[in-house]
Every structure is written in C-alpha cells, then in structure tokens.
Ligand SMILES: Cc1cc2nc3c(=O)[nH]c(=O)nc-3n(C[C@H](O)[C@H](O)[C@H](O)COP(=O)(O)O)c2cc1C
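Coming up is one lone chain in structure tokens, specifically the form predicted alone.
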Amino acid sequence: MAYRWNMSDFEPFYDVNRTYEDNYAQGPFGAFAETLKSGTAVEEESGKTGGSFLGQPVNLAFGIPAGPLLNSRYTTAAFRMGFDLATYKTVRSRAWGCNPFPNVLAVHPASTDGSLTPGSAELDEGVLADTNYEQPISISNSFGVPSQEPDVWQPDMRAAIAAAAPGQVLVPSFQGSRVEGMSEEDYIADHATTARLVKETGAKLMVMNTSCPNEGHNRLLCHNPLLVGRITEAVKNEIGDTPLMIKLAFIPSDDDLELMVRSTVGRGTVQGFSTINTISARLVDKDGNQALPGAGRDRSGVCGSAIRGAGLEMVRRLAALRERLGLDFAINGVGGVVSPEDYAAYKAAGADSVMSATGAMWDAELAHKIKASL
C-alpha cells in the first residue's frame, strides 16, 4: 500500500512506510539522521530556558515521550535537535514482539476541529483511518509495546544516557509483562525486576508505563489504581530514592483519579504523572471495515492533534488535585503538542514539563521553535 503525503518539506524521523523492525535497525530518518551524520547539535535559538525534571536540571523541560525513540540513535538525535528530555522507548524484562505492519495510519476524526472526546459515540462507531497524512496530524499507535531482550537494551540505554549533553536528561520508560499463567504477585514482581534492570544502567529517574493494554485487549493497568499502588511500592523497594513517574491514559472518573494519586503519591512511591498516552478508538477504512489488519486490532490508541483537549483536561484535573490535597508531585503534559502555542497551553494548565511524540515526529524543529518563542 502506497503512503500519500499531503505535507511538504518534512520527513518524519520514524518512517511509517517501514516495519518497526526496519525502523529500529535503520532509523532515524530525516533531520534526525542528518544531525547524527554531522556529529554536532543544531544551534539553539535564543530564548528564556532553564528548569528541572524530577530534580534533574534541564535547559527546557520539553522533550519526546515514550514511543518513537526506539534506541540510542534516536535519543541522541533528539538531544542534538534540542529536545532536552528524550524518553527511551518502553522496555520489558524479556523480548516482546511488535504488532504486524502497518502500525501507524493517519486518523481523521469527524468533528469540525479534528478532536476526539473521551466517551463520545464516535470512538465506538468508528473513526476513519487511512494513509492520507495531513495537518493537523493525528495517527494510530498500534505497536503493542515491543521490547528487545535486556542484554540488548541495557547497554544501549547506557549509551543513550551518556549521550545527553549538559542540561539534557535521558528518561527511561519501562513496564511489566503479563504472560499466560502469571499470578498477580508475579506480575507485580516483573515490574520490580524491570525497574531494577533500568536502574542498573545508571538511570537518574524513570517512567513506568501503566497506559497500554498490559492485561488483555483494551484493558489498561492505570484503570486499576489500587494495583498500581501495590506495583509502585514493589518498584520503589528496588530503586530506592530514584524518582519514579507513571504514565497515565485518560481517566474519566474524578474519584478514580484521586484514588490513583492517593495510592501512589500519597504513599510516597511516585513523584509524578505523565499524561496522556492515547485515546482508544475503533478505526475503520472508507468502507467501514477494520482499518488495521489482524485479530484484536479493531481498536487502536490514537495520538496527535486529536487528543490535545483530553490531555489538557487531565493536566488541569491533576493540578487541581495537587492543590486540594496539598501534595507535591510533578505533572508532565503530553498529547497533541504540535506548536509553541500548545506548549504554552500545557504550561498554563499546570504542567511542570511538556512532551510531544507525533508533533515531534512530523516537525524535527519543534523544540527549537518552542525555545525561540519563550
């Protein structure tokens, strides 16, 4: 199937026309590839910068979240392109395969502003997905959280950490793996084991992914706050005072969100939340048929411009809880950041740091544009 590009002067650093495996072995592409070839960072624009992320000093608390930075080549290129927070794609305690190709399709919500609203009928009735990429960009995220073996990703993560320049931080992402026959205690222990493997690389902080279908089709760990609380307790027993942030999907219930905060931050196991990941939607082609091939892939997470409103809402709700409960935790705003204005909106909503995945994939200069706007 040929991919049609309706935008000019760009080449995404993750090539959606290649398999995940090819991207891992051959990428990154576009401007990210060029900065690796040159061996030097792109010159920074002037602007007001300076801040911190989970206690680490950074030039600007802006970067790329878990997902598109597959290995140390990607994270190093991100650093050189001015993204001062580069998240190493989520790793596991064992090798884990990727969903079949294709993984990324362009998504076209029916709403006039191109947004998806959690709980709306469109998410179940079907959202058009095809290969016609256009602005404002929204895409499917149907990878299944692949991972290399620890013997592969641990040395590569060490190299990624070492490549950070002053004022930049490598952010490792990890998650537990639920396999057939595994007890809940084993599942908790697998998170702790993976966190220990990450800590062994010299990581200064880490993010635990609770926002992908870890426990079966379309079931999210973050929708079980009490289990997340038990897992983060086990993880902190392994990593000690290393700061831990957890990645959340959209949580509709205010009571559930408060329970998440109380079960983690309230118990001293978590120092921050990163939100949101994606919004789950049934994706269909122009004829109304399943857009992504294969069993269990009728739905996919959608990211990009379409989820900006939901991401901002989650940040506002977390900021309000932080103030009402008198708790101290960081908020990392993610979802639909494609411009300096979007960065500013997240900061105004209460985010301490901001990240962009889809926006950064389609605009390698996004970090420089944001810094120039400050």
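Don't overthink the numbering: it's just position in the shown sequence, from 1. It should be emphasised that the depicted structure is a prediction, and the values quoted were computed from it without experimental measurement.
The same protein also exists as the form predicted in complex with the named molecule; that form is not shown, yet it is the one meant from here on.
- Residue contact with the named molecule in the predicted bound form: Met361 places a heavy atom within 4.5 Å of it.
- Contact annotation for Pro28: none of its heavy atoms lies within 4.5 Å of the named molecule in the predicted bound form.
- Using a 4.5 angstroms threshold between heavy atoms, Phe143 counts as touching the named molecule in the predicted bound form.
- Contact annotation: Asn209 falls within 4.5 Å of the named molecule in the predicted bound form, judged by heavy atom distances.
- Shown alone, this chain has one stretch from 312-320, 63-71, 29-37, 50-58 that lies within 4.5 Å of the named molecule in the predicted bound form by heavy atoms: 63-71.
- For the candidate set Ile139, Val270, Val169, Met260, a heavy atom within 4.5 Å of the named molecule in the predicted bound form is found for exactly one residue, namely Ile139.
- Of the candidates Pro225, Gly304, Gly176, Pro109, Gly304 is the one whose heavy atoms come within 4.5 Å of the named molecule in the predicted bound form; the others do not.
- Using a 4.5 Å cut-off on any heavy atom, the one residue of 223-252 that reaches the named molecule in the predicted bound form is Lys247.
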